[in-house]
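Next come structure tokens for two forms of one protein chain, structure 1 first, structure 2 second.
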Structure 1
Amino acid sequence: MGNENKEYYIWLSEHNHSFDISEAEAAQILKDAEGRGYKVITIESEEYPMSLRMIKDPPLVLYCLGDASLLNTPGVPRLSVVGTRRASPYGRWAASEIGKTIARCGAIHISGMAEGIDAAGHRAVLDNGGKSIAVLGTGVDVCFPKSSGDIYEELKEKGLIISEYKPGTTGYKSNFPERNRIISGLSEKCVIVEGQKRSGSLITANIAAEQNKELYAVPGNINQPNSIGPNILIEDGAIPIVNPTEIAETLGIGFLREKITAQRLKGLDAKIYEIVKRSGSIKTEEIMSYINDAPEKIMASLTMLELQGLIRNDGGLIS
């Protein structure tokens, strides 16, 4: 066993609270990791996410299947979206809208791949070309639940699946509350969509609060059991998500959407956008004086930029 293997063995055998392991088994895990395409990251590795180092009881080993670079994304917010497995149509819709917004803004979505709210969020992110991380309560090679098989396969190719449990670990009931600290630990912001007063999503919310994460909740009908959790969180100070057209602004990730859109601008649109951003605010007539182009083209470009939410036109004053 080489030095690198011995490093992993030490952590796997002596420090990981979740299982005991022999040197032979550690060597086999590392051999399988290379052959099956997953990565093993210890807490001493440079690839280990700093956000997890800061939490109480950080996982000492992470098994990663997919794009492990998503664990370290400077300047890109990571948001967890969690909720009940027994989601209502309203809850699934809300999780989908939030996931869609996260994807279109270029932020990173995190959840647990469970049925209901988790699955709806993952699916929306993947369908909109975004990046998503699933934190499992099983080994990374065990798809649980089976109903999320399509999401599991897509995340292997387009996102990331992680676990602190060794490959082959099945879904012990105690694993799922434990993994919630990783979901919130990786996140800067945590969104609770639906959940009863004593539920896994409320456990995640409480952990997120202890970790000083920004907490959001989707308000619900007061006569529905799954609305009790989010409504209590809002009463206790969580930020409510109340307007579907302003999710990005509520979550504080609208700036990412503007940045991505601006990077795609070309020609006249790019010139005008640069002038407005450099000036802070500027009159339409001044823009026309800077650009040698037909007024109707400039006006059309200003309209398109406003429709994309990149500028604001207040009676001819552009900002």
Structure 2
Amino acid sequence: MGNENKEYYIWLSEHNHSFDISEAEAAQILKDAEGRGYKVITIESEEYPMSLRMIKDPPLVLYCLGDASLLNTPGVPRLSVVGTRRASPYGRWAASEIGKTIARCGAIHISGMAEGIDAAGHRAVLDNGGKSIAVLGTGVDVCFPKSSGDIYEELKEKGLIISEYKPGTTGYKSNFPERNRIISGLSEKCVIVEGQKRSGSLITANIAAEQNKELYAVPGNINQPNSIGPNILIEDGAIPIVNPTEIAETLGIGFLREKITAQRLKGLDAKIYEIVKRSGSIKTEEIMSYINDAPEKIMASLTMLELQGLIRNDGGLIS
């Protein structure tokens, strides 16, 4: 970290004019960063995410709290899920289904930690053991909104919180639309769950479109104000998410799921999975002849694998 900081300090002093910060302040920030465990990544650092460098006005500095390695994950897609703060139950459901799917597939979830859709997404990802990034419109050390306190704490441990604003910054209204460019910039794909005609979510969507990101939207009833935003996006060419059981396929991350879940298998589950994959389709009784274990354990294992979507059980014929 020491080297990194020195680099940053040099960089800061060079670019001082473009950044509303004094040298003394910069030194203070670095000192605080060391003390409080957050990391400072500059645009020139190797850790700075490539996708963010490509956008029109990339943040010069990212303050990170948590697992900064989530910013560069080759081969693992990052998806942002955003939407209104005044979410309907339907919207919250959709956000948490999408969040769950992202977690299951081992992809990375990005959102803004606002209440409503954002929070529902974060919660679902965290509950399902997935990785999530929150991009704040405040300093990383300021939890905003307060209602997302539990998510904030969990993200510190299991995910990542980033911000371009210096620590201690409280929320200015203009900060939030600005940080939306980071949300979309960081992600490969952007999902809009709910939002009114003129809303932050639509702004994010527009930015994402400008940044050439794949845009998805959750369709809704046309008489619901919250659904007008995503419906308009669909009209304009966003991909609608229409099948709740095939979210992963729609988002194009389904291929990851089997790999990820299969990797996580342990013991008997892994053994049975391997036998099934090797033989294509196999009778339950035959599996038992390969594995000398109690039938109840094998049945339990098969159910688990089926529940995870790794195998199919067609009346005793496993494939």
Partner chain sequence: MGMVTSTILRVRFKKEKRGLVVYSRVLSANLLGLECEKVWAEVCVENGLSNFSIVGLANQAIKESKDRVRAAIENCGFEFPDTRITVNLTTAWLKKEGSHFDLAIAIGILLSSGMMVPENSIEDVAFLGELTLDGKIEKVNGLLPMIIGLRRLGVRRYVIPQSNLAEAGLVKDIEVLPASHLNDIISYIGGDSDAEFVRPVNSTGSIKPCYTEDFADIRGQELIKRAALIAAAGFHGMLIIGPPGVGKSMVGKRIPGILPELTYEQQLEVTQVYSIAGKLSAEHPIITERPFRSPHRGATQVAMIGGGKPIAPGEVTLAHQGVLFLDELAEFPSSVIESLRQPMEDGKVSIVRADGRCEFPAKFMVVAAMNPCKCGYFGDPEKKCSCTQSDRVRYLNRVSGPLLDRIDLHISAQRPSYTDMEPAEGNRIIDSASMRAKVIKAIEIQKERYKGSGIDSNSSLNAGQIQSYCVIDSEGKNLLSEAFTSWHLSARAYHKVIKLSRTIADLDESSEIKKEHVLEALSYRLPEKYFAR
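For residue numbers, the reference is structure 1: its sequence is counted from 1. Since the model is a prediction, treat every value here as computed from it, not as a measurement. Whichever C-alpha set is largest while still superposing within 1.5 Å between the two forms counts as the rigid core.
As for origin, structure 1 is the form predicted alone and structure 2 is not. Two rigid parts turn against each other between structures 1 and 2; the point where they join, the hinge, is L256 in the list G280, D141, V242, L256.
Of the two rigid parts, the smaller turns 33 degrees against the larger between structures 1 and 2, judged by C-alpha superposition.
Comparing between structures 1 and 2 on a rigid core frame, one finds that T261 has its C-alpha moved by 2.8 Å.
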